[in-house]
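What follows is a single chain, given as C-alpha cells, in the form predicted on its own.
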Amino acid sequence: MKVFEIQGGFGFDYLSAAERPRPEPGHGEVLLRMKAASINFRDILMVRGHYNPRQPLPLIPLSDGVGEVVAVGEGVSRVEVGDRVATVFCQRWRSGVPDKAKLRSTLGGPLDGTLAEYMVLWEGGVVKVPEHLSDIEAATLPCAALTAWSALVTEGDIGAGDTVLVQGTGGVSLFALQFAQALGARVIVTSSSAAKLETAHKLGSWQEINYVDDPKWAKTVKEMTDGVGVDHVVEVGGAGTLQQSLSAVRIGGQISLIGVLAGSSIELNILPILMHRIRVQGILVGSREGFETMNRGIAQHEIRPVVDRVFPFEEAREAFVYMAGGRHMGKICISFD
C-alpha cells in the first residue's frame, strides 16, 4: 500500500511517498481503507522535528482521518464492515482524566498516523461520524473540533448569553465559533486579515477585531462588553497573547490554553489570575467519550466544518507546505480518492 512517511531526517524534504505491506486486523482490531485526512499545526511541528526531536523514524504522520471499515478481527463489536469512522487522537483515552500512558497513545507520533491507504486500529480507537458530513468534512473532527468542544463544553460550561473570544480563524477557532453559536453564546473573533474577519462575520461572529490595526485589542474587548470582559477565551496564541487574554477575560472567567502560535515562553504577570480568580485550563484534544458526545451535537445542529482546500493524496507534501504558509482559513484536507 502507498503511504507518506518521514524518513531519514526531519523537514518537509524528508516527507516522502513509500510502500508498506497492507496490514491485517488481529483480535479486537479493525482495518480501515482511508478516505480522507486533515492536517493540524501539531503535524507541521512533527514533520519539522520541533514536536519531538527524538521521535523514531520512519513515521507516518497525521492523527486525523476518516476511513471505511473493510475488515474486522475476532471479538470486534463496536463497528461493522461498511461503517464510516474517524480516528481517535489518543487511542487509549476512553473517558475521564487521562494518565501518561494514555497520552502516549497518539496517532501521527509516536504511533503511525493516517497518511496511508490502509491502517489497522484497535476498535476502541475509532468512532462513527455524523451521517450528514462528507468524508472530507468528517476528517476535520478528531483534533480541531474536539479541542474546541473540550474547551467550551467539557471544561468551559459555555451557555446561552455568554461571550467567547476566539483568536484567529484556523480550524480550532472556527469550530469554537460554530459551537459557541450553537450553545447560544456570542463570539468575538480576532485576526490580522480583514478578509478573514469578513468571512467570520458571515459565519455568525458578533464582533471582529483586527489585531494589527488594534494591537491593544484587550481594551477593545472590554469596551465591547461594557467593561466586564468575556466569559471565555480560546487561547491559540500562547505566551505571546496570554497577557492580553488575561486582560480581556472577566473576573472568574476562563482561558482555554490550546496553542503556541505566538510562542511558548515569555515573562508573564500572574497577578490577574490571582486577583480576578481566572481559570487557565490547558486543553489537549479530548477523550473518545467526548468525541462521541460532540458528534451527537454536530449532527443535531447539522454543523459543517469550514474546509479551506483539499489536496489529492499524491500532493500531501504540498498540503503541508501550504498550511505552514498560514494563509488558510479553516481546515486543510487530503483526499485519498
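Start at 1 and count along the sequence shown; that's the residue number. Model, not experiment: these values are computed from the prediction.
One more form of this protein should be noted, the form predicted together with another copy of the chain, which is absent from this view; the next part is about it.
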Quick check for you: of 304 to 312, 60 to 68, 31 to 39, 291 to 299, which stretch puts a non-hydrogen atom within 4.5 Å of another copy of the chain in the predicted bound form?
291 to 299
Residues A182, E267 and I283 all lining another copy of the chain in the predicted bound form, heavy atom within 4.5 Å:
yes
Determine whether any heavy atom of D99 comes within 4.5 Å of a heavy atom of another copy of the chain in the predicted bound form, and answer yes or no.
yes
Although the partner isn't part of this model, could you tell me whether I278 comes within 4.5 Å of another copy of the chain in the predicted bound form, counting any heavy atom of the residue?
yes
Taking heavy atoms only, is A239 within 4.5 angstroms of another copy of the chain in the predicted bound form?
yes
Can S95 be called a contact residue for another copy of the chain in the predicted bound form at 4.5 Å between heavy atoms?
yes
Looking at I258, L174, V230, A138, which is the one with a non-hydrogen atom within 4.5 Å of another copy of the chain in the predicted bound form?
I258
